[in-house]
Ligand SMILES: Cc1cc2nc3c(=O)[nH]c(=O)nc-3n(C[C@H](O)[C@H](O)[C@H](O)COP(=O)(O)OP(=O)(O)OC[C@H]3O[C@@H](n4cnc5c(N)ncnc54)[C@H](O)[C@@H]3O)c2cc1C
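Shown below, as structure tokens, is a lone chain in the form predicted alone; questions about how it binds or moves come after it.
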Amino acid sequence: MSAEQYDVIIVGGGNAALCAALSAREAGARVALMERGSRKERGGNSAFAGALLRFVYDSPQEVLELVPDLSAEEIANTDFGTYTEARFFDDIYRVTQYRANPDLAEVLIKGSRDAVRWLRKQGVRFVPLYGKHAPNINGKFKFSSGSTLGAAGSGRGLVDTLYVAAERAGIDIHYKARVQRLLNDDDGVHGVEVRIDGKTRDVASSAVVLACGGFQANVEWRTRYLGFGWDLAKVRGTRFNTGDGIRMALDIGAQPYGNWSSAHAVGCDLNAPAHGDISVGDVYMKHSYPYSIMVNSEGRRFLDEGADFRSYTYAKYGKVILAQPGQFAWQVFDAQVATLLRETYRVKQVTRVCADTLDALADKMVGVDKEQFLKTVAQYNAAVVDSVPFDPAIKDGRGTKGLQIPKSNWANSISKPPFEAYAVTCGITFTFGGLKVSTNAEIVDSDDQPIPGLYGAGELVAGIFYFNYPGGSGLTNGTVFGRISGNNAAKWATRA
């Protein structure tokens, strides 16, 4: 292999890397993909994703073109609505507190529609995310937050389909291949130093695409850049995203960029493993909290569970949970909303307690101040404005009145047994700090000049997400910039 010369080397093995590899191959390049994991563990963070892709569509017909196998009954019972560029822009800027790089955000949003169509051409099958993002209200599913379609088979289904496409396209895929260094000189990047099955060698290429994730699985970097307590967070996805691509690029003068002190972090089961378990997938996430009250060890609520649709709050609430005493919380539900809980609440890998009275429930909620918890529930129940109808399909305005920490939507009293509580902690998905890229996906140096032959895609592309992100935009981001990086790397490599 050391004697081989590729046009483009892709570093990484998740959605962004595969999209870059396929795009480069479409442009006529000879492509190698270096996946740090084994064949069994391949796919990076994408393999653990719920596989929602947020994209622009101006009519339900555009959605139906992506899911042509829906029955007439399913179509009649579904309101897909629309999700315009303007709404996507508004969502990005609102949740990032208007810090998103406008040029990069524009590339993401304007490229989102074509990205999902391109994925379908690669063989990816999409399904409407009924239940997760469109509750069934009186027999009709209503999508209202831009969270509409996901890849069939979730993240594993997405990456397996793309690997089949890559193999069919003639892309050389190397497993257990940890890239350690970029080969570069004054003229740019010319390949990589990679360790495969315990042996280190140089592999030459005319261009390199870094698409190997953030640094969320690097305990030392998490603590260094995110701060105190982040060493205790669970890693939601792959154990291989340790910042190698970012480090290699910084070593040759790339510009650090974005929100290095923040990350996509969610509420996950308190007893989830330290890293994602590929054999069980995305079962540890606990995302039905908008219908709960969430209390810390002191028995107090500490956030607005119903501030917005889950898609716009879940990626930031993990950080809030991590800041609580003991780095955990309990989500508490009653029988009124039991049917709305996601399937991840009904798996065997769950930390759950149940009781027919709140007093008995409190006895089972390990680590919680029972007396204060019962007071919190009583105060919350008294504050619920029950004259407003409950409607999980919209931001219903059914909130609380007079509480220091309000619940803005979907507020129901915790009063109908049986009662359930689920213990959660912080699960980190990906970090927001990384490398600066141009709108052509070129990785730039500290002088804002492109590093010749070096491109970036996926989680290490920084500057779009700050503090938070709209659900599903991560995979879309990887697809959009993966395609751009692969195409432009191939053009650079095959230039006359």
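Just count from 1 along the sequence shown to find any residue number. Just so you know, these numbers come straight off a predicted model, no measurement behind them.
Although it is not shown, the form predicted together with the ligand is what the next lines describe.
Undergrad: Heavy atoms within 4.5 Å of the ligand in the model of the complex: which stretch in 389 to 397, 324 to 332, 171 to 179, 374 to 382 meets that?
TA: So the stretch in question is 171 to 179.
Undergrad: Taking heavy atoms only, is residue 50 within 4.5 angstroms of the ligand in the model of the complex?
TA: Result yes; residue 50 sits at the interface with the ligand in the model of the complex.
Undergrad: Would residue 308 count as a contact of the ligand in the model of the complex, using a 4.5 angstroms cut-off between non-hydrogen atoms?
TA: Taking the distances in the model of the complex, the answer for residue 308 is no, it never comes within 4.5 Å of the ligand.
Undergrad: Residue-level contact is defined here as any heavy atom of the residue lying within 4.5 Å of the ligand in the model of the complex; does residue 485 satisfy this criterion?
TA: No, residue 485 stays farther than 4.5 Å from the ligand in the model of the complex.
Undergrad: Examine residue 269 and determine whether its closest non-hydrogen atom to the ligand in the model of the complex is within 4.5 angstroms.
TA: No, no contact at 4.5 Å.
Undergrad: Select from the listed residues 238, 412, 425, 344 the one whose heavy atoms reach within 4.5 Å of the ligand in the model of the complex.
TA: That would be 238.
Undergrad: Between 293, 212, 207, 265, only one gets a heavy atom within 4.5 angstroms of the ligand in the model of the complex; which residue is that?
TA: So the residue touching the ligand in the model of the complex, by this definition, is 212.
Undergrad: 35, 46 and 473: each with a heavy atom within 4.5 Å of the ligand in the model of the complex?
TA: Judged in the model of the complex, 35, 46 and 473 all sit within 4.5 Å of the ligand.
Undergrad: Check each residue of 5 to 34 against the ligand in the model of the complex and list those with a heavy atom within 4.5 Å, in sequence order.
TA: 11, 12, 13, 14, 15, 16, 17, 34, in sequence order.
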